[in-house]
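Heads up, the chain shows up twice below as structure tokens, two forms, tagged structure 1 and structure 2.
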Structure 1
């Protein structure tokens, strides 16, 4: 009986930890110097284990079925949608497949090189692989390397900037003329 409990517990631990890959999180943290948590690939920032939303313990039957299918996605392009992974995590799973991901656990520095260089899931202009190396969130358009974000947004918003420059300049020009006129009027009255 005792042996049975031990085997079951070990199997459960194996199941719940099998899909957490902290090696990639650690690598991202090391190269970027930023604090990175499991939310980079997972739906919950504390990882897949637990009872909170996005963790294994919270899944309903349909989600458990989807998780089962995702676990069988050994090769790339399986179109799996794991309920414990976010869009970026699922994108890695579908681009590489579980076999390759397991291989890369030993060499996490090769992950970025294995992923698409153009995919930009949050549309902030910084490719997901760069965000992975920068330690920023690939699904948050407001999180990114500050200089890269500034450059990209400047290019994107040039028309708004031009308009606000024109509006401010015109407003100040009008204000200047109004103040000068008021000043002249005051002098004349004196």
Structure 2
């Protein structure tokens, strides 16, 4: 059965296009100046074609059926879940639909303007669309533009930071006064 799936998968790879869109990857790389791989949208960093996990050649029959349904998701909101796309890639597919994505291939700079400005799949406080433009991974909360991560973390943790600063300041003040007291006591005993 596994051999049959591999043969069918290989045939599908040859007969159909994998629907990878390197135009978006190139745009993100150009705008951000960062190294951006296929894993921003795909399950595998080498993209959809191949035999590795998350690539077309590794899919079982149920996953091939899901891939077929995802390829038919021409309009937004179809709820398709492609087994070769990660959560961000599927989010793009469901927000825009295949027709709009294919249309945007000619002008990849317009993709960011077409996506939700509020979606933040990794919860790092940076919207996915900004992470796409920054060349960072929208599913990794530790991968983000350093300044934006700093500002978001500062905003989330300001109270804790304030308490640490106050505790440190109080501790240093107390230590200074204790050392002064010990110094005065030592001078009195002389």
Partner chain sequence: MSKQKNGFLKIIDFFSERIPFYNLNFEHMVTEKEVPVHRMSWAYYTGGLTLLFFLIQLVTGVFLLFYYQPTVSDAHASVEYITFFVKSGFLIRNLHTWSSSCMILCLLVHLITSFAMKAFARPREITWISGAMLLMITFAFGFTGYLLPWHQIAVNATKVVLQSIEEAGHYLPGALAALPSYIKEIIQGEVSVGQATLSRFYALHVVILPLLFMGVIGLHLLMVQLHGMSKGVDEPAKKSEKFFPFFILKDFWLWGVVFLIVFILALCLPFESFYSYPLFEAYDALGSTPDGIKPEWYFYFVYYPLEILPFWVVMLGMTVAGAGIFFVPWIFKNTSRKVLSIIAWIMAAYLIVITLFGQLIYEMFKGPK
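Only the largest set of C-alpha atoms that superpose within 1.5 Å between the two forms is called the rigid core. Positions refer to the first chain, counted from 1. None of the values given here were measured: they were computed from a predicted structure.
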**Message:** Of these two forms of the chain, identify the one that is the form predicted on its own.
**Reply:** 2
**Item:** Rotation (degrees) of the smaller of two rigid parts between structures 1 and 2, from C-alpha fits
**Value:** 16
**Request:** Would you look up how far the C-alpha of residue 184 moves between structures 1 and 2 when the rigid core is overlaid, in angstrom?
**Result:** 8.6
